[in-house]
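First come two forms of one protein chain, each written alone as structure tokens, so that there is a structure 1 and a structure 2.
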Structure 1
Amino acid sequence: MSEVASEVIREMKREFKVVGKSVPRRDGIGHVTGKTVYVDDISFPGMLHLKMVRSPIHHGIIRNVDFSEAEKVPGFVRVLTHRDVPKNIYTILCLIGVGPDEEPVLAVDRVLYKGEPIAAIVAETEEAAMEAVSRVKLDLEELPAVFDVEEALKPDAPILKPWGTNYFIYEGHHCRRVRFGDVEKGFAQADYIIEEVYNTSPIEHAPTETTACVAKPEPDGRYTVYTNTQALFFTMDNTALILQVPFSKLHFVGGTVGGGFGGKVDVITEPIATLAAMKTGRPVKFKYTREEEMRVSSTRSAWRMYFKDGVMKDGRIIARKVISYADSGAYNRHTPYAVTKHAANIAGPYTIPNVYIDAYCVYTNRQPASAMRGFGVTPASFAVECQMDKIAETIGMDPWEIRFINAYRNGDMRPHQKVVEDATLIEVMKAAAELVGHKLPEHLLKMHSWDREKA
């Protein structure tokens, strides 16, 4: 037995007093009895409500916005436009060095997706804010829109980005690349070439609690923001940057979220609600409706993945080439980062000596995609695992066996040149087969992730 394996076994046998015990969760009773306080439960005297004027078209030029009828609505307090936002064009990943700034808090002269915020209206009640929004007259010139990732990359597609392309640029490259071994040589040696294209559609996070915050001016000149963000400091720091206020002016409170799934790591409600609180001197609530959550808030991106595999008669995959397109929608948000994670995982948990990956982050006139549970790995797992079944079917092998034969082991090199350290794919497959009563052949049962059996 290897040293690592015995170390793992020693660690497995370690005894604990509290870790490993199913102690009841402390917030469980509050959650199931409806007593937990969520952001929408928070209210202050004199609190105003904010609603967005949104683009009714997928792509267009803003010629004029007329607020005159909206201002007449009883309870109307004020409007905020891009001119009110100190640093209106932002990108949330600037904090980890991803740029350039490219998304407006409020649209300037162009809209890139249906639902894009154009102006914010603050009113005494939610109803008054909605009524005022409905009376804003938009004069827009509609432009051709593009919704398909491959259409968006064609030379005649409408260009959505100021830098002149409809894709994110990765250190001078038009996609995130992975190059490992020689994929063409692998294809030449392979007994089978197996190709397929896999598609996924955009998905909404569908949290129980919609995205929301309340921003409240404090007597000491600071602002407290109650929010259901998944990342408190990330949201606060981005808010301070957008509003160009000292970080110490802001105080964010949160920590209890009614479902996140990645949908609450965009910085969407806090900057504009805090700005509204600054401009009015009153607490302001901005809460997404369910319709906004579905039609406007970020989705999981849709993906299209072209697979080409070179496979030997004995089941070994010796070459894999994948061209992937992530539909980022109109703006970056977290998608450029998700594409990099995708590139690291699209070869799957299998050891393949020759791998070639081009993963594109593509812009379309769709509501922006962003982070979601599985962040670029979900589509990868989907495509890889469907492809494994297709390979098994094509070469006439059992779907379990094809996975065992190719499963990565500790010490193997992955296509992104990281050595596998803690593989247990073979172990979970053995356990799952046992659970469902599927009898695995002896040669598969002998395998494990720590050492390769001698040939």
Structure 2
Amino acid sequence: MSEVASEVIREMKREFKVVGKSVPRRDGIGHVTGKTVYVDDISFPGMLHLKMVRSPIHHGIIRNVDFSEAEKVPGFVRVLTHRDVPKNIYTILCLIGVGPDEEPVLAVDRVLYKGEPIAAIVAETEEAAMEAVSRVKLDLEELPAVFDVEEALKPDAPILKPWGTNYFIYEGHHCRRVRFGDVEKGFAQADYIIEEVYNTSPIEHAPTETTACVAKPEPDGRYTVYTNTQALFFTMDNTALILQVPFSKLHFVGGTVGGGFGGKVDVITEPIATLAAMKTGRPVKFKYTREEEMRVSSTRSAWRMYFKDGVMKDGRIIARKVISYADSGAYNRHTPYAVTKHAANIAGPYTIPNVYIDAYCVYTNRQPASAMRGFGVTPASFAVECQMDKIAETIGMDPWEIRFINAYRNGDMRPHQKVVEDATLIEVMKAAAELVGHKLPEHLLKMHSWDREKA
């Protein structure tokens, strides 16, 4: 490391209280000593337990649900169906202006994925609730299912959405589109055409504590909800909308998330647990088993990304076309929003004069996908950087140089019509090279992000 860089770091340590210093986590001592209180540690006298009756098939019509045997289980208290939910639709996207809302809280007449909740059983103990769930008799007519994004877009695929398509509609279009320059003209001028397809699989968040909440009626008529949600006010607002009650009637208490990474923003347990507390007048706990967490909680979306690049002999990328498919699973959750972010980032942090992007949000009969650590952007970054390495290998150029040559700089126009104002990519790459001991040639060291003409 250079003396200048070392002096900068020393100055940062003197000036800042956090940057460049080891700061103990506020909750670290509680975690390692076992004193942290998680949602599953919370209990109240007379507390009931809620478990879900879930679909055993991926796609089907609900003909009948028979609770008669479940009601005979000792400790059974009551059942909740879609008829009990005031607004039986998840509203997690309406608060950011994305619609339509299309996922029921409890299934009405059909199921779209294996594990979809059909009814909730409330009982005196967790064991009694699970036993009652096992005795519910489901009469389902199984329908053909689709599990691949491209298969779902074929004309003969089973249609999953009431609007008649297996894709989300963006302002009247079948996908989120980006058009910049003339990509076909760029391909015609290019010395190389480099194509590849990149796939990512669904990823389960696997939090330490599974998704859980406890809803407790209060003497003043309010309901206190203890939850490991990642987004406390977002969850409270959506619960109020689903239950059609004033926001002031709910008091949400967060704290230890128990691991989330994005998956605990979906507002899945809180509305139904609070409804059960309203119907019974008693505290109600609803927590996922580890199997439920793996099988029915939202995953990171699976993506399939087709790249076609036009590249010059000197390493400049002059055209990039990407067709990308996000597997939303059976419902929206946060995937339509993720696809918008994806489309804005799939060209990468590079200045390319001709760009064509079609990014699809596709519905399949898989469990719904949702937010996870830069959702939409992370798979884009993976694919882009793999493609940059492939370009470098194909034309015989150093992979560092290919990135410096194409790096965006202040004043450049991004494909989604935003002028770059705060680029530091070149500076970051130079610092990274120094940290790993990679010696860059002088002409790359002279580059910077502020003046392309003089770089």
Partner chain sequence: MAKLRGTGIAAVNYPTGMNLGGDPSQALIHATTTGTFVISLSSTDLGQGLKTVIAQIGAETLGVPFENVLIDTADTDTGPHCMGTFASRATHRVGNAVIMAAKEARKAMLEVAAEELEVSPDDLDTDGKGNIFVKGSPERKIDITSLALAAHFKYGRTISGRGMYIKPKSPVDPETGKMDPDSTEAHACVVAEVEVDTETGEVTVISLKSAYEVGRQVNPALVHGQIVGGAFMGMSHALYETTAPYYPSPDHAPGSFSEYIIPGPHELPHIESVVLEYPSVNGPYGVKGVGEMTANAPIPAIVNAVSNAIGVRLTEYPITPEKILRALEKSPKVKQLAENRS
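Rigid core (definition): largest C-alpha set, two forms, superposition within 1.5 Å. This one's a predicted model, so the numbers in the text were calculated from it and none came from an experiment. By convention here, residues take numbers in order along the sequence of structure 1, the first being 1.
- In this comparison the chain labelled structure 1 is the form predicted in complex with the partner chain, and the other chain is not.
- With the core held fixed between structures 1 and 2, residue 63 has its Cα displaced by under 2 Å.
- In the core-superposed comparison between structures 1 and 2, residue 35 has its Cα shifted by less than 2 Å.
- For residue 20, the Cα shift between structures 1 and 2 is 6.1 Å when the rigid core is held fixed in the overlay.
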